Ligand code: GLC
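Take a look at this one chain, the form predicted alone, written out in structure tokens.
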């Protein structure tokens, strides 16, 4: 292929090269007919295909395709094998309806539950997001269809998404907002990456050389091409220089001409343009190796798969007195319009023309004696509808309340105003709960909601998310115990919006949003603030119970480069089969820079029959113990102790042990002229070399002269200024010269130790 690509580039005119870097239509790359180069077709994803029937049109009706559970739901399965299987099914449909590249998965971090597009994203945690995305990409690309991870990067809100500048510090950028992308890039090698609309620290993502070249390619080894989100490019030539190969949508003759003019004027090097063309051609030609089109979607088979996936995504949040599962003999009051007309996906570019749609009400009527009332057709208070619901609830053994956020609430393009259900829904829950002692709430939503006003009134809650076109069958299976719920939350549910760590800075002011909470996003923030939550990250109930035992680690004292194997036994001590998600968190006992209380570093989902025990093995590599140090612009690990916490959620630790990293990342000293006294004392070489000066200048009498500890008093003062405060004048060098000499000695010693 490489020879073919070099031949193509050699034969292409400047104008053809420039045109290739801009879409031919809203959904296709540019072809070169005289050279036999065909266009590649891209389609919206990520939980199914929105492949338009009329190609030039951006918003034309889409060809029917299977609507699978959204990413918010899929992440709650914590099942990477399931994500891989989903990717294969999406790829097969792509082949059937002629799609070369699927625009997904979306994997931005859920910084705030208000983000209108959260349903398209996996998690507040980068490890969970990265692992699920990697599995999905692997599944898609295993069949010869390209995947496109998006939106790179720091795209965590819809408010002013085209113009907002996300101001984020280096630690948060690398540890939270880039880490998931890094996992997906390194583990699954996606063919393409889509840049975000927003700016990151002052530079638009579409023209951000640091993100698109220094990080994505130089550090992570990305080999595919980068495309823009639709309409994200501001300066096309700057974009190519930064590492943005493809601008979408097309056609854009002015952009093509801008590239031609820049090359002719010497502003853009032809070698840079050729590199962009080469990257595009590699993917386009690779996509065409898999013939597309002419097939028929397996509607029934993929619908059944969508239901099976959804059944592992549902999270049982509450189950007082084991009101669930139902036994089928109850008289059931079914309330809520979502029971009849399901809400199973969000709005925007991912909205799929589903091949078929199931109704929970239809399935329930096949299982029990059912009466139905709409209850929440109105957003505002409708007492007559509530009264009707109360009437049927009074005569039932159990009331099932299907509560869905209105479809207009969660969508691409705008953020949510609050976490509340509608006034009608809240009033309905209260009224039905007063009328019936057994109330089950089934929720359809793409992110956290506020439940604090009604959670104590109901007996059971199922978080069903936006579960795709076959979600209704999965819900009914869980209600009756045909499927034991095994979903776990991929995001924290706060008690109220003001509890969220980013509350005071979301969505920012004007065109600036400051990520003031830094690395303390999601459970990391709630832990650090010691703030109670409604439901913690990783939480989910089952119809059975699991016990953890026999925790072992392959080594207590370990070195960098030595992976740790963590093994434990999990036993199903209940009476029904079930699946448990084992979560492993790491906590740094003592660190130089602030770190989260704990961080998810590994997980596994295990299926167990009643009474069965299985051994689970989890692996921790070097990165499990590292943080990003902005002083060195790299990931570092510090020698010392770490706690390993194994449990069923971020708030439910079952087993713990402590390990010791014998030696950390070897680092050169970063002592400089203006380093503070405290920084000198924290540096091993610096402390040793500075000690004679400090002993000379801070005698016991002088330390006591102001009634304070003088070393502590001066700890944040640069060392030259410290020396000036002492009044020392018996040296032939001034304080700056003295400290410069010490800095040189520190660096020489530091490098000698590293090289040794």
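Keep in mind that this is a model prediction, so the values were computed, not measured. Positions refer to the first chain, counted from 1.
The next section is about a form of this same protein that is not shown, the form predicted together with this ligand.
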- Partner-proximal stretch of 500-508, 338-346, 521-529, 228-236 relative to this ligand in the predicted complex, 4.5 angstroms, heavy atom: 228-236
- Can you pick the one in 569, 320, 457, 412 that has a heavy atom within 4.5 Å of this ligand in the predicted complex? 412
- None of 110, 488, 131, 117 but one has a heavy atom within 4.5 Å of this ligand in the predicted complex; the exception is 117
- Can we say 50, 151 and 197 each have a non-hydrogen atom within 4.5 Å of this ligand in the predicted complex? yes
- Message: in the predicted complex, does residue 174 come within 4.5 Å of this ligand, counting heavy atoms only?
- Response: no
- Task: Tell me, yes or no, whether residue 475 is in contact with this ligand in the predicted complex, where a contact means a heavy atom of each within 4.5 Å.
- Result: no
- Indicate whether residue 161 is a 4.5 Å heavy atom neighbour of this ligand in the predicted complex. yes
- Message: Please tell me whether any heavy atom belonging to residue 103 falls inside 4.5 Å of a heavy atom of this ligand, as the geometry stands in the predicted complex.
- Response: yes
- Item | Residues in 9-30 close to this ligand in the predicted complex, defined by a heavy atom within 4.5 Å, in order | 27
